[in-house]
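What follows is a single chain, given as structure tokens, in the form predicted alone.
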Amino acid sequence: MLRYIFRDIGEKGFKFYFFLFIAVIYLPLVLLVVFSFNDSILMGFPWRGFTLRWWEQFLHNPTALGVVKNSFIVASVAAVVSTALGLLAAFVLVRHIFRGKNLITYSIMLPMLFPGIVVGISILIFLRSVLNIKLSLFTIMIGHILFSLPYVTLILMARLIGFDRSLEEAAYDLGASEFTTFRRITLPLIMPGIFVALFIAFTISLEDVVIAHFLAGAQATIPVFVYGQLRRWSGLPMVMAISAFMIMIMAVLLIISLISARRRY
């Protein structure tokens, strides 16, 4: 009897924790979107009335539109390049045994252990003092690629470790070449991991402010622009509109990813 009582309490407690977790994570985002339509310069209640002027201010601001464009360019390039490099690294680390393998693995994962400010300063010193590269969107891409690479590599390594290699061996036995086996067998099976890696790298790049702050030149990204606008109280309403816009974009991308994954399975 007691076992069923405790089990019932455990199930209800888990459901309560789940809904509490969802509320804590997503309620602030929902409120941010709501307040971007509030006719007030303050992000909070009371509700002053519905307005689109903060969105009009955002959509008619060339600088704000420019940083949105910069952010998506940087995030897209960083996601694709870091995923490609992470896929190569994952194949080497999972499929091959060689001297120094653990050292290379730890070296790739090392940026995850350092604060973003340390990574940003070190990359800045290397690019400016050693390579003498001018700060631009290109330097931000380099920083985001290096910062995203450990996460992408871990995701793809996990996907390859759980991979059934007997399928590849069967393809070889049937006369398929290595390229054909990779294209027809390996790639489709690891594609969910690649999509996850792309999404994670894209998100990391899109929301980063520390590394982008150090590596940005004349062209900034959304987090750097928002950080600068928050220094002025009058910039808060447009920041709410920009943030709400990014939340909507990420929600659409997440829904598309979920629909694609559901159709795939």
Partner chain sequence: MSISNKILKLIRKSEKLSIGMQLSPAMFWIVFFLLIPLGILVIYSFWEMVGTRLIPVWDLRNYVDVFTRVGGMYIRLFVKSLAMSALVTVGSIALAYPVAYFVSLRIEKYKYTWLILLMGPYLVCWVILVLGWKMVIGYSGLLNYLGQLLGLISEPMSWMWNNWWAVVFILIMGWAPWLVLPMFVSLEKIDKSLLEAAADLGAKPMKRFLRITLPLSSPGLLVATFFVLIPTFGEFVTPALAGGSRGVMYGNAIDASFTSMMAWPFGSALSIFLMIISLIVATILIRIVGLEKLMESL
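Values in this document were obtained by computation on a predicted structure and should not be read as measured data. Between two forms, the rigid core is defined as the largest C-alpha subset superposing within 1.5 Å. Positions refer to the first chain, counted from 1.
Only in words, not in the display: the form predicted in complex with its partner chain, which the text now covers.
The candidate spot formed by 37, 65 and 72 lies out of contact with its partner chain in the predicted bound form, as no residue has a heavy atom within 4.5 Å of it. Contact check for residue 195: no non-hydrogen atom falls within 4.5 Å of its partner chain in the predicted bound form. Under a 4.5 angstroms non-hydrogen atom cutoff, its partner chain in the predicted bound form has residue 209 among its neighbouring residues.
Using a 4.5 angstroms threshold between heavy atoms, residue 28 counts as touching its partner chain in the predicted bound form.
When its partner chain is considered in the predicted bound form, residue 41 lies well away from it, no heavy atom lying within 4.5 Å. Counting a residue when any of its non-hydrogen atoms is within 4.5 Å of its partner chain in the predicted bound form, the hits in 165-186 run 177, 178, 179. Superposed on the core, the two forms differ at residue 131: its CA moves 2 Å or more between the shown form and the other one. Relative to the superposed core, residue 52 undergoes a Cα shift smaller than 2 Å between the shown form and the other one. Core-superposed comparison between the shown form and the other one: the CA of residue 65 stays below a 2 Å shift.
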